[in-house]
Structure formats: C-alpha cells, structure tokens
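The data below hold one chain only, encoded as structure tokens and taken in the form predicted on its own.
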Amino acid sequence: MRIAIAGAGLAGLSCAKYLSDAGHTPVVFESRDVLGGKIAAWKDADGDWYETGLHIFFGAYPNMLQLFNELGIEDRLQWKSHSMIFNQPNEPGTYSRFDFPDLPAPINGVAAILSNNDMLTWPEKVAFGIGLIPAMLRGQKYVEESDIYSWTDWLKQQNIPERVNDEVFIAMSKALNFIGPDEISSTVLLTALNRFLQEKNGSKMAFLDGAPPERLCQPIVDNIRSKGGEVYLNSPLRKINTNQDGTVKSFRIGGKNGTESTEIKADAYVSALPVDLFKLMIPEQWQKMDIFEKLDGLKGVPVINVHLWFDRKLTTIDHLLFSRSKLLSVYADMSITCKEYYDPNRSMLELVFAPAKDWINRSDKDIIDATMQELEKLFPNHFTGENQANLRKYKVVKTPLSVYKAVPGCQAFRPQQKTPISNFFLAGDYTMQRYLASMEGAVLSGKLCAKEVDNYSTYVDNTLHSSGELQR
C-alpha cells in the first residue's frame, strides 16, 4: 500500500519506518525545511546548533532504544551517570544528588532516595514511599485512573508532606510537561515514577551526540528511502479532501513560497501533525464525530528554549541539572554533555524556560535578562565580583504550542491511532499510548499507527480476495 503521512516529526517518521519495514510505501510530507518537528534544530551564522528543546533519552524508553538499535546508531546515545542532580536554591552554587547504585529495581531507587539527606527528611521519605505503594502494586490501571487529580492533589490524598512537592516535584513537573504540580495530571508523574522505580536503568539519562535532525531523524529517513519510501520537506498539508462517504480522497500538499499545491492520492492517510495543527485541518464532514470533538480538550503548552554561549566554563558537570528556579526548568552545559557541541574552554548552556505562558510574548531581551538573573543565583562565583563570565551570544527558541498540556482529565480526550474513517489514521504523542507527551510517546504512537495501517491493508486485501476483484 501507498500511505501519505503529514508530518516528519518522530511520530511521522517512526510510522513511516515501521510501514516500510512491513513492505508498504510511505510518503512523508513535512511543512518546514527541517526534519524533527518538536526536536528540530538549526545552525546559526557561526555554524553553532540551536534546538527546539533540551532532549533527554531515558533508560525507560524501550521503543526509542529499539529504534536506535534497528537503525544501528546506539553509539550516538551518550549515557551519563545514573543520577538526578538538583541545584540547591538556599545554597547557591551547590548541588544535591540522587545517585542510583548498581542494584536491581526498585532497590536502587529506594537507595538513591534514602541516601539523599539534603532535600528530604526521613519522615518525608517514609511518607512518600508509603504513598507510592498503591501505584507500584496496582500498576498502569491505577496510574491512569489518577488522571482526575493534579499531582498536588494526589500528594495530599496520600498524606505526603507539601515540602516533598516543593523540594523535588516542582522541578520534575516542569521538566516533564513545562507546567507546575498544581496543574499537571498525577498520571504524568506516576507514569514516570513507576518506570524509574520498576526498571533498573529507567531513570538513567542520555544525550544525543549531536543535533537531532542529523543524528536521529536523517537515519530514519535513509532507512525509509532504502525501502522505497519518500520524504519531502517544504511540503505542508493544506487540506484533507474527502469522499461523499467521509473517507479521505486526497491530501492537498504544497503551495509554499509561491509554488502550486498538489493533490496526493494514496491507499491510506496519516496525520502526524501536532494536535493543535491537526485540529485546524479536520474536514467539516468529520467535525461532529466524538473522536475529533474531544480534541478540543487538548491544547499545546508554550515552551521557551534558551541557548547561552559564554567566554569561559561555568561548570564541569556532565549531566542534566534540575535548576529548582522559579523561571527555569532544567539545563545542561552542552559543551560538555554533547560530543558535537564540545568546547574545552567555553560553556554553552541550554535551558528550558518554564512555565512560559507569561513569557512567550515577551521580547528575547526580556527573557535573556530574566535568565541571567537566575544564573547569578545558580553560578554566583561566575557572575559576581570582578572576573565575571561574559555572554558571547544567545538564541531564544519559542514554541507557542508544544506538547499537549497534560492537565487532569486529559486522558479522556486522547484519541486512538485508528479513527472511524476507514482509511485515515493518527500518530503523535497526544494519541493514546502509555508514555504520554514525550519522544518515547511519539515513537510508540508511530509504531502503533503503522500497525493499524497494516491491519487495514490486510483487511482490504482480504475483502478484495473474497469479492473476487483481485482475479479480474
């Protein structure tokens, strides 16, 4: 079968990859001039990369790791020590670590929590551990049922002290969905904690050794093309044309930079667009269908990614850092953590500015000024006194609508990959799969979507055989 796919982010590319593996011919259309969607990156005039976000790969990402393995690029993941490192706001310039020993799960996670005495007291640790027991024993069903509560409300229900939230989960909540624990669904954090505690290397982190479009997306494209598939950039989806029975007749593609649009016909069609873009494309004929009406309950969260190049080294820590700042979520010195960005003498900090809703429309200068004020607290020795570090240049990347905002109740709005339209399917981290809004969720959604399309192909073939049409 020939399948038209709109969107060359991880969801669309993984869908195309698994469809080509199954013997189909996917044709992917991407609106921008760069691969990757939410993991896109670009080069500036100096040849330095800047990215849409700070992308971290976890040991608890089985589908992502399988994809790396299938592409033969496992060596591009730079694994860091099995730790979680937090800044200490009350002691500027210092850090608190959760170090996971080389022991089976969940023993290693329990040991990491118990061995950290900087952030939580023993009574708080015990209360937190007891509170997690239902999630660990009752599994994913309990986790998904907890979607009716925010993380803060869930902690209260479990009689877990509020200080646990303040010390640990404000930072983790912002890192996972760019919003605070009062807003985020408890399902998001419980899903992460379950994976981190039940898999030995679940919370172990890796950085890609270079820019995602080149080091991850391009190998997927090469794989797709090697099996007869196609990928086109600068080819936006303009309209989904339908037949009288509601099935898809064609995709209208193109019409960018003065070019004419083209009608693309295929045997099946996939939207791998972000949910907010897809909502604008839903044909009038479909808009009253329950699956599409529910999408109104999903909306992207604003995110700002900040890149700062300095004239000297600010840190020697080769890891992701949780800032515990009111404005910043997580950050890393990419000149240390990423092979392609390596610089032995100068730092390039990449920081996630979140929550960003009050800042997304502010000027880049305002954002940089606020970021630098926060950095003075994180690195007091470098930004006070006489010999201060100098900012050489900066880049601010704004995404007004990024991953869907995972507030309580969102699970009910998430669609399956298969839709009531027989020849139309959905891929994207907003579609229903257990890993929520993440790179792993995007890859898994693409894989699940490819399976549904393949099932549709089998159904069509069987129908044609039974009707005798293949013999005519």
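What you see is a predicted model, and the numbers here were worked out from it, not measured in a lab. Sequential numbering from 1, following the sequence displayed.
Beyond what is shown, the protein has a form predicted together with a small molecule; the following relates to that form.
At least one heavy atom of residue 29 is located within 4.5 Å of the small molecule in the predicted bound form. Contact annotation for residue 10: at least one heavy atom lies within 4.5 Å of the small molecule in the predicted bound form. Residue 274 belongs to the set of residues with a heavy atom inside 4.5 Å of the small molecule in the predicted bound form.
When the small molecule is considered in the predicted bound form, residue 151 lies well away from it, no heavy atom lying within 4.5 Å. Contact with the small molecule in the predicted bound form, judged by any heavy atom within 4.5 Å, is made by just one of 54, 410, 41, 421: 54.
Out of the listed residues 203, 402, 325, 108, 402 is the one that sits within 4.5 Å of the small molecule in the predicted bound form by at least one heavy atom. Heavy atoms of no residue among 4, 49 and 219 are located within 4.5 Å of the small molecule in the predicted bound form. Heavy atoms within 4.5 Å of the small molecule in the predicted bound form are found in exactly one of 184 to 192, 235 to 243, 120 to 128, 77 to 85, that being 235 to 243.
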